Every structure is written in structure tokens, then in C-alpha cells.
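We begin with a single chain expressed as C-alpha cells, specifically the form predicted alone.
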Amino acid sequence: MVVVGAGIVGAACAYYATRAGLAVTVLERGSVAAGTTGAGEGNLLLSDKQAGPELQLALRSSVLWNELGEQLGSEAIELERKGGLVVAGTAEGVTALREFAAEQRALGVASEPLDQAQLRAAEPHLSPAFAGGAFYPGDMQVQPMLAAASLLAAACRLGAVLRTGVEVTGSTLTGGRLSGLRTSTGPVAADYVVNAAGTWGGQLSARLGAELPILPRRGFVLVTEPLPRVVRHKVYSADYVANVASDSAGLELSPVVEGTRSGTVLIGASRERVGFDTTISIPVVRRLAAQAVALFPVLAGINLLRVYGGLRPYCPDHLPVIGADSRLPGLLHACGHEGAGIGLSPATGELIADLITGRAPGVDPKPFAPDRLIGALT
């Protein structure tokens, strides 16, 4: 099996495939985690997942992330089981949030309703403007570049081969089946090829002759100077869930604030479809900063250390593409996770390994099948 892409999803595919006994080579045109993974916050969330296939993938991934904490070492990947706090500013918002949380609880997601006093106890620096919320103890965080590197290192210890600086230029076929890849450094034979190219998965799929409608969706992250632990959890407003599920190409913002082990505070989240342009937008940065201060007024006088941007791989129906492509036997896809790729990567890698080896999958693969998107191509 050849995996194209050494981000977190490609790393997970390599790890679980080698554990299943497959001979794996990972090809990466740049360096490990140099794309979307390196621009991510490392969120492993259940709290923002609506009932449906993605939530099932997230629940399985949550189990696997806890296992990976044991296998790879929690310190090595900076796995933090700090929980998530979703807040609402009105009584109507609190009611809607609690109804949403109740639907999730029925499917196995632990959550606890919090009133205004309980919010203040959980986050003493939170603005008193918020009327209530919900706490999700299963929300976690990793350092995404460390997690990807650790997964790849573990795969290589099991026999996988990592080759960086290799760009895939096309495919080779034998009897109508994919039998290898053409690359910038020469041909590579393969029984199976996994497209784990993230935001560039649409470009790679077209290059291989089986195009998918995966588009980039830009976002920015603000990083403060190191502080005492003024933000204890991942904290975001209830409208974040709606923005994640939105089809709009225009700019959407919802406040997301969380502390890190190093003392910095990470601030998001913005979404907009502007192609592959990663130029920092100062107006968007200002609006994100203002929203963060509305959540935590204590941040008003704090300096920003840096701002960085990245691209999320967006699919029209907001579900990742995981599985075999019927148009090109031997090709599988593992991309299009938008902003949830880090959290969903273990279950994605496990599912790819299950599909290739014929094991019974732990998650129903049908909702993620690539064929569902062929009709969306224009």
C-alpha cells in the first residue's frame, strides 16, 4: 500500500495498515505535517458533532486516541483530556444547546449542563454575559505535528517506509487496475494507493484520473503570549456548530478559545472559501480578537505572539471521503475531513486498513464512500 500525504490522516493510515500486516510506503512532496495538519489546533472533539455518521467516526476515534495515548505516550503527542465547554448568551440559546446535547447523549456522548454559576466555577475568567452552557468531558487536544510524527515513527518501527520530497505526477494501470504511481523521482509500484493529500486531495484525485470535489476552506489561528492558565478548557460559543455545518462560501466567524500547556492561548475560528490563498487578513484577525475578548475580557490587554493561516479540505456534504473508488480499482481515498481531520484520523486509518484487509469495520463505511460525490462534479 502506498499512502500519498504525510499529514495526520496519512500517518494514521500508515500506522493502522502496518499494524494489520500491510507493507506500507508513505510519499510526501514536502515534509511531515507541512500542510493542513501543521496549521491545526489539534482539537479532538465530540461536542461539535451532530447526530450521524461523522459522530460515529468521532466516537470511534475518541476510543482510539485514548489507546494511542498509551501506545505512543501522552506526553509525546501532548494529549490533554481537558474537556470542552460550549456556552450560550441567551435563554433561548441555552435551551437549544441543551436539546442538542441531549441528542448527543442518547448516542453515547457524555455531557453535563451548566448554569451561569457553574460556568463561572469552571472558567473564572469567562464573561458574565453567558447564561449557561454544556461541558463535554470527552473533548481532548493533541499537538498535531507531534501526533503525526509519532504515528509515522511508530509505523516505520513496524516496517513502513517514509519518503519525503516526492511528488506524485500520475498513475500506472495494469488491466484497468491501478498498479502504481508516476512520481518526480521515478515509478512506484503499489497494489493499493491511498489518497491522503488533505486539502490537495481533489488535485491528486484528478491527477490520478478519478476526480473528487474537495475544495479549500481558509481559516486563521491567533496565538497569544504565554500566560498563567486563564483558560482551562476549550471554550466556544454555540454558533460554532452551525458555522462548521454551513455551505456558505463567505466569511463566517465564531469565537473559539483554548489554553495550551505552554501557556499560550489559541483563538479561532474563521471559515471562508477563497481558493488556495493563505494570505493573512488583518480585518479577520481583528474580528477574531474582538470575539475572544467578548468571551474572556481578561485577554483585552494581552499581546499576540503570532497569527497563522491554513486550509481545511471541504466536501460538499461535510463528510470525509473514506474508501475505495469504483472508477479506479486499487485507489482508496482518505481525505476531505475539513477541520476535523486531526480528531477523526485514527478511525479513518483503521477503516482504510479494515477495507483493504477485509476485516469487519468498526464504523459503517457506506456514508463515507467516494461514489456518493461523483454526481457533485461539475
Partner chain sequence: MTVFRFDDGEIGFTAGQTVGAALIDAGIYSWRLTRRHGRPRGLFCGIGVCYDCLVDIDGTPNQRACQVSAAAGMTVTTQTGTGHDDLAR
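Positions refer to the first chain, counted from 1. Since we're looking at a predicted model, the values are computed, not measured.
Omitted from view is the form predicted together with its partner chain, to which the following refers.
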Inset, instruction - Identify which of Leu222, Val94, Met145, Val230 has a heavy atom within 4.5 Å of its partner chain in the predicted bound form; exactly one of them does. - result: Val230
Inset, instruction - Could you tell me which one of Arg177, Arg273, His125, Arg182 places a heavy atom within 4.5 Å of its partner chain in the predicted bound form? - result: His125
Inset, instruction - Please check if Arg261 has a heavy atom lying within 4.5 Å of any heavy atom of its partner chain in the predicted bound form. - result: yes
Inset, instruction - Could you confirm whether Ala110 comes within 4.5 Å of its partner chain in the predicted bound form, counting heavy atoms only? - result: no
Legend entry - Val298 within 4.5 Å of its partner chain in the predicted bound form, heavy atoms: yes
Inset, instruction - Find out whether any non-hydrogen atom of Asn303 is located within 4.5 angstroms of its partner chain in the predicted bound form, and reply yes or no. - result: yes
Inset, instruction - Using a 4.5 Å heavy atom cut-off, indicate which stretch of 184-192, 285-293, 222-230, 207-215 touches its partner chain in the predicted bound form. - result: 222-230
